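One chain comes next, on its own, written as structure tokens: the form predicted alone.
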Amino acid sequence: MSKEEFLRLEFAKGLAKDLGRFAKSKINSLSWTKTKSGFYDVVTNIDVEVENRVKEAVLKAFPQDSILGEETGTSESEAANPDNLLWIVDPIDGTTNFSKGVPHSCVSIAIVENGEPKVGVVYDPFMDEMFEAIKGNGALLNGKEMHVSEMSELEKSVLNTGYQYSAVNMRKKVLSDYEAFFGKIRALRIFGSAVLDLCYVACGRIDGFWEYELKPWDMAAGSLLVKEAGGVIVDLLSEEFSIYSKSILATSSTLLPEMMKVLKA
């Protein structure tokens, strides 16, 4: 762990915690909620405010770095210096939950170099849980080591998925996946936050997660957490996963063959 990675990790943790708690305090007093690119894609005034606060704080502390945010796009420095360290921010992952007063959402921050996450931080203010990782140094939940599930039997597994963003473009595939797993697993859950789904794989609460039509801010921090917790990440639609992939499967190496067998059938 380099000094620069540690400094950015600690900064990201403090920022995520402060802004997560701010968002929590506003969950039932939103000024506005609207859709962005379709009826299913929701944004609130707090999403935008949190992201703007992240950008302001990061660029003040690390002016040489760049930022990609879900709501406001890239900073000017990203366009000018694409090789800089890139902060990828999801100000509130689980916005539909948040907009309805459901206490299941989080702040996600990843720091990426040449397309590869080096630092990942996710803070859930409703559970007061801080997930963190630096590449090559393992993953922590509230300061304690975490590891993926050791489940190897598909019929005993609990899986998570999502369909909000894939509901239009990949409806048939999503429904066929649900049907394929029906009767083969213990339970299937849809919690409404892809980032927290990845965190739950990383800490062993669920045994596997897959989803389509995701974006870098949905996967950058969480994919690092899963890998550093001993899990595996696969792109279901191409050969090699990257944070710019359009699909993700996260699980343990022991359960991966069983999940892939069902999803590829």
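Quick caveat: nothing in here was measured; it's all calculated off a predicted structure. Just count from 1 along the sequence shown to find any residue number.
There is also a form predicted together with a small molecule; it is not shown, and the following applies to it.
For the three marked residues, 6, 108 and 132, no heavy atom of any sits within 4.5 Å of the small molecule in the model of the complex. In short, of 232-240, 211-219, 58-66, 22-30 it is 211-219 that has heavy atoms within 4.5 Å of the small molecule in the model of the complex. Of the heavy atoms in residue 95, some are within 4.5 Å of the small molecule in the model of the complex. In the model of the complex, the small molecule sits within 4.5 Å of a heavy atom belonging to residue 164. For the chain shown alone, residue 70 is a contact residue for the small molecule in the model of the complex, at least one non-hydrogen atom being within 4.5 angstroms. In the model of the complex, residue 192 approaches the small molecule with a heavy atom inside 4.5 Å.
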